[in-house]
Structure formats: structure tokens, C-alpha cells
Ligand SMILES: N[C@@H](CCC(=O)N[C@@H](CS)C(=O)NCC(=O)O)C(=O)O
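The chain below stands alone, shown as C-alpha cells; this is the form predicted on its own.
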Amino acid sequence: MIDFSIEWRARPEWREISPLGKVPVLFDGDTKMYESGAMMDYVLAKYGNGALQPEPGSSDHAEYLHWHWFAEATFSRPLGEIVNHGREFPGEKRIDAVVAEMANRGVLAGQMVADHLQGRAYLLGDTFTAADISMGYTIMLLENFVPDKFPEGLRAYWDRLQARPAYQKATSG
């Protein structure tokens, strides 16, 4: 476990490991990575033995990749920008219109996920995949940063993800 504070991640020692101060960082032998979506792809390819993703090249795998990268690149981006804006423009320097725009983009992306999930337990139907892990992290960000506009259609899915034993273990500190 590490300190997620801005001050800790700005330390020179951490910036040597992760130049942008990003968390998490993965070390696997001589391999070092600090891009979480890429880490997941790497771990699945090296250690997954086909678990948590459909057969590569299948149409289900294409849908899996779509939602995995939607969570990482599209949905999480505006939420991350809320954090970045707060770091760069703290307190009275904060530009509320910028934060509101990013929050609205996050809510819109969350609603897209909620719409997709209608009649589904997980992103690919009844099968839990690594895309649900990526999406769960981003939904956690949405709930933390824009709780008053959290799409109600995400609630049951988010509750299912939080109830999983692996989630419980990962968040128990």
C-alpha cells in the first residue's frame, strides 16, 4: 500500500518510479509499468491462462476490449481531469465551469454504461471479465467525484462488483 496523496506522489523518489506521479506501478522482474490498462493486458497475457477475457479474436473479445478501454480511456479521463484541475488550481483558483464540464462528461459516460447494462449482470452478460475490473475502478471514481449525479442504472452493477470477494480483499487495506 502507498500514500495516494499528491504530496507523496510528487516526491522525487516516486517520480523516479512513475514520472507523472501515477498510481499504480507494476514491477514484474525487469518490467516496470505505470499504465493500469496496459498492466491488466500484460498480466492477463503472461499469467492469465485465458481467464477473465474471451478468446482473443472473437467478437466477444472485441466487446471486452471495447469496454475495458472505454473505462480506461474515455470514462476515466474526465474524472481524472477533475483531480488534475484540483491539483493545478487549488482553492479559490479552481474554475468551477471546468470541473462541472468534466463531471458532466463522466456522468454521460456512466449513463452509457448503465444503458448497456440493461438486462446484463456484467458488461459481457453473465460473465465477469477484466473489463468489469476496469469499469469498477472508474465507477468508483464517478461515485467519489460526482455522487449527486451517479446514474441510478449503475447502482446494481456497482453493488455486484463491490460484493465480489476479490474487490473486498483489494479494498480492505
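Bear in mind that the values here come from a model prediction, so they are computed numbers and not experimental data. Residue indices: 1-based, along the sequence shown.
The form predicted in complex with this ligand is left out here; the points below concern that form.
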item	value
4.5 Å heavy atom contact, residue 34 and this ligand in the model of the complex	yes
This ligand contact at residue 160 in the model of the complex, heavy atom, 4.5 Å	no
Partner proximity in the model of the complex: residue 42 to this ligand, non-hydrogen atom cutoff 4.5 Å	no
Close approach of residue 137 to this ligand in the model of the complex, 4.5 Å, heavy atom	yes
Of 11, 164, 149, 22, the one that lies within 4.5 Å of this ligand in the model of the complex (heavy atoms)	22
Segment that reaches this ligand in the model of the complex - one of 23 to 31, 59 to 67, 107 to 115, 121 to 129, heavy atoms within 4.5 Å	23 to 31
